[in-house]
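In structure tokens, the next block holds one chain alone, the form predicted on its own.
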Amino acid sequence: MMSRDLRRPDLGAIPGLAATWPEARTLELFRRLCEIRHFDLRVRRGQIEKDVDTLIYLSVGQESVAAGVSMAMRGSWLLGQHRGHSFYLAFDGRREPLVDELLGLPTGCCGGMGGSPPIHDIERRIVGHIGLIGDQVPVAAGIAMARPGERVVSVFGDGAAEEDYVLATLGMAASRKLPILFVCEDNDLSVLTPTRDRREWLLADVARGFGIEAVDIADDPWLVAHWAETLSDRLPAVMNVRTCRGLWHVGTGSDDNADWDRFALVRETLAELGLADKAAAIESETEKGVEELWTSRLRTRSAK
């Protein structure tokens, strides 16, 4: 089956899954999703208003992948990719150093000199990368070997999945039984080139060829969380998550013809669960909190 044939919002769906969750857990999942969405929309606004002039890569549209994985894997070592704000926030990275980094302040997590790609918070076990596509994947294997028994989450995109050292790392993780959850945020695009023009194989099939358990699913956050939790005791494992980016590289341009809008679909599910009002309150509170954070850090920069 071609990769494009699997791009549908219900891929791998488990009927009624969201209804089995306790209300508090569902609302926490939505809070994480909202924080990522409104943080990155605020970053984009900062770019438009010329407050942000460093290199940025945004997670708009792909928030549910990080939110879902974090519900099962927080506390693990995290190695994200260039669209890393989502996982940084979902894995409890400190917010002020992230904002400061994007504002070019020396108090930023990389001294205000790196922008989005290398964001890290070592005290929270969050490790950035240098911008070489997929370079964080073999580094994740190194951490897993150096820290026996500690779980690692390695995040990369569908373009990075084609790099030789990424595929080689899957083989090494399988042979050494490394406790790594590999998460591919598969938005079907490498810059602007769709997967069908780049390859005919599926990442999940390759992983299974190495003897690694793998799933290929859509980005329903309840489904993502379900599989992250299920696979957390079967590592190494691979999750290829079909998702839709909202903004192109470096914040410019948008995919107006995206296959689906997961944020809108999540809102619909919350309404079906009778949680629309509580969800709206969480979103409003989260957006307000993000704005207050940015206002505070902009004032700090102005005072310097």
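Note that residue numbering begins at 1 and tracks the sequence as displayed. Not measured: the values here are computed from a predicted model.
What follows is about the form predicted together with a small molecule, which we do not show.
J.: Any chance all of 133, 159 and 249 sit within 4.5 Å of the small molecule in the predicted complex, going by non-hydrogen atoms?
T.: Spot residues vs the small molecule: full contact, yes.
J.: Please run the contact check for residue 191 against the small molecule in the predicted complex: heavy atoms, 4.5 angstroms, yes or no?
T.: Residue-level check for residue 191: yes, a contact with the small molecule.
J.: Can any non-hydrogen atom of residue 82 be found within 4.5 angstroms of the small molecule in the predicted complex?
T.: Yes.
J.: Please determine whether residue 165 contacts the small molecule in the predicted complex, using a 4.5 Å cut-off between heavy atoms.
T.: Although the small molecule is absent here, residue 165 would touch it in the predicted complex, with heavy atoms inside 4.5 Å.
J.: Could you confirm whether residue 187 comes within 4.5 Å of the small molecule in the predicted complex, counting heavy atoms only?
T.: Yes - in the predicted complex, heavy atoms of residue 187 and the small molecule come within 4.5 Å of each other.
J.: Have a look at 74-82, 205-213, 87-95, 143-151 and name the one stretch with heavy atoms inside 4.5 Å of the small molecule in the predicted complex.
T.: Among the candidates, contact is made by 74-82.
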